[in-house]
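Given as structure tokens, the chain that follows is alone and in the form predicted on its own.
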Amino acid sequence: MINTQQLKKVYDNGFEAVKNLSLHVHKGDIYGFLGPNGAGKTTTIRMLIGLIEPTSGELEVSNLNVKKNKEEIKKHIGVLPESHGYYEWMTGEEYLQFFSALHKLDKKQRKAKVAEVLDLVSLTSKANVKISQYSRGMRQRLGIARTLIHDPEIIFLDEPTLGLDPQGQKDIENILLNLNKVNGVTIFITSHLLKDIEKICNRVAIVKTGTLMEEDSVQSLLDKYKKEIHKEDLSLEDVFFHLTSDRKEEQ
């Protein structure tokens, strides 16, 4: 569903944010894209969704070349960025109706689809409440609903549980697991909450300063590093710190 080959992004000031990155996301994955701040995660997502041009390398999303099919790809993906705003004077239903119109659903489709996605994120009872009255967790659920309004094959989520309390985090996790299992949506997610990522993701990539350190299933990474790290109850968090700590720098 997502493939990159030697993907690179160098900004005008000479900063190399992404360095020869090759990723492989399979259909049906919940794929965790992990790294410290400044590792190139957001830059990578922006290239994958066509917001910025790569300096070099190839990238495909939903079997489409991103460089050549920027408009077509929008039909196949949903995106929830880390920083996003809401039209607080709208109700949740009005907000979703607005975005369904942007995606050119007809009026009959809009009504049914809005009702469907509100149900998926457990916001049906709050459909006619103004967004200004929504909690942070409700807003995140509404944001996920917006990404689903046009039935995308892949959704990109940048820190979807940031700032949520434990119950809010759990609500988002359950929504994502359900979307993946029942609706078959492929999910590409970034998060610093590694314990949560370990629970919901089947595959992960770990990046540091724009470079891919590892890409594999969670269990394979735990098996691979168990002896090297010398910890019996090894976690994904342990592997992450082992790979991204400054003491691992080789150059």
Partner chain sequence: MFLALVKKETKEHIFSRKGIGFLFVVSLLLSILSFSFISVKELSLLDQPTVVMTTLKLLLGINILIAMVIGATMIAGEKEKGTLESLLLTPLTKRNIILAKLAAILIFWLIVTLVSLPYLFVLAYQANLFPTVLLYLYGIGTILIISFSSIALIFSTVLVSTKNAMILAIMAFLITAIPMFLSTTMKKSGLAKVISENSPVSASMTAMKDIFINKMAAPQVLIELIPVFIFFLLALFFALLIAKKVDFLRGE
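All values reported here derive from a predicted model rather than from experimental measurement. Positions refer to the first chain, counted from 1.
FYI, the form predicted together with its partner chain isn't displayed, but the following is about it.
- A heavy atom within 4.5 Å of its partner chain in the model of the complex is found for exactly one of Leu162, Ala115, Ala101, Leu177: Ala101.
- Shown without its partner, this chain lists Lys111, Arg136, Lys170, Lys74 as candidates; in the model of the complex, only Lys74 has a non-hydrogen atom within 4.5 angstroms of its partner chain.
- Between 162 to 170, 177 to 185, 74 to 82, 117 to 125, the stretch whose residues reach within 4.5 angstroms of its partner chain in the model of the complex through a non-hydrogen atom is 74 to 82.
- Contact annotation for Arg141: none of its heavy atoms lies within 4.5 Å of its partner chain in the model of the complex.
- Proximity of Met90 to its partner chain in the model of the complex falls within the 4.5 Å heavy atom cutoff.
- Its partner chain in the model of the complex is not approached by Ser191, whose heavy atoms all lie more than 4.5 angstroms from it.
- Residue contact check for Lys208: none of its heavy atoms lie within 4.5 Å of its partner chain in the model of the complex.
- Taking its partner chain as it sits in the model of the complex, the stretch 44 to 67 comes within 4.5 angstroms of it through a non-hydrogen atom at Arg46, Ile49, Leu51, Ile52.
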